[in-house]
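Shown below, as structure tokens, is a lone chain in the form predicted alone; questions about how it binds or moves come after it.
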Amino acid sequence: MTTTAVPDPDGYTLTGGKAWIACATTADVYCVIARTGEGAGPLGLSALLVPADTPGVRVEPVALTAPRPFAHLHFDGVRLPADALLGRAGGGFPIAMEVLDRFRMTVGAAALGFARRAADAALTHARRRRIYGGRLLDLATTRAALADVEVKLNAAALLVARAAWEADRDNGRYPRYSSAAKLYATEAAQEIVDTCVQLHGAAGLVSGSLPERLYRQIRSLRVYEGASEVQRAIIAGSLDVRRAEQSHDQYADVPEPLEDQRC
């Protein structure tokens, strides 16, 4: 967080850069978190709205494995008016966290869409592929793999729906559910797409084929909006230790059952 927005009577002068920004090559306006100096650490960060065509803004596209409008942004003495400030000065960090919390569940929903596409393709291929005098779908190993796919799809869908429901309730608890939805849905989608490639065999490795395109597309979802490792840290930090201790203490005085001596 080294990008700075130095305030002056007429507004701000923005200098610095941002890396790996989604939609950077297509956006009309950027929301930039910059250090304006109201306090130490996150207290000194503000959110500023920067039109993409503002003089001094430079976009450096990044070529990724799968097509994505990602880029690095560079700000070279960008002049911004005072009303470019979003919210209050020094209040940028909560805005950034709110955006991340909400968008994680949408990444989970996107992963679910990719996974369902892969599952449909795998099932269709297995039903049509002739092998050993029958169909690929007739093999027990294929049916077991597709059953696992179905379970993962349903689990991911329920987690995404739970996160959205908690966000609609707006009780402040939804970030943990959003992280859980993002973590499970993206990891499960990666496994489902991999199963799709596996069931297609060599045909799934052909450049430009549906399984190959899905394989490239799905990988990035486990990284952006907070990598899976970050989601695990968030979920672990949200665990209700007090509830667990109270539950444990409630049964602490219950005597252990006598060991059954019968043989």
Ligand SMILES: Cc1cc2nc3c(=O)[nH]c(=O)nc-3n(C[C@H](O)[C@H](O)[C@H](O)COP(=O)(O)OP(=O)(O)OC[C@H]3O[C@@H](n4cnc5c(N)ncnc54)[C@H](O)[C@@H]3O)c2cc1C
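Just count from 1 along the sequence shown to find any residue number. Please read these numbers as outputs of a predicted model, since none were measured by experiment.
As for the form predicted in complex with this ligand, it is not shown, yet the points below apply to it.
- Figure note: of the listed segments 191-199, 37-45, 206-214, 219-227, the one touching this ligand in the predicted complex, with heavy atoms no more than 4.5 Å away, is 219-227.
- Proximity of Tyr30 to this ligand in the predicted complex falls outside the 4.5 Å heavy atom cutoff.
- Under a 4.5 angstroms non-hydrogen atom cutoff, this ligand in the predicted complex has Ala19 among its neighbouring residues.
- Under a 4.5 angstroms non-hydrogen atom cutoff, this ligand in the predicted complex has Leu64 among its neighbouring residues.
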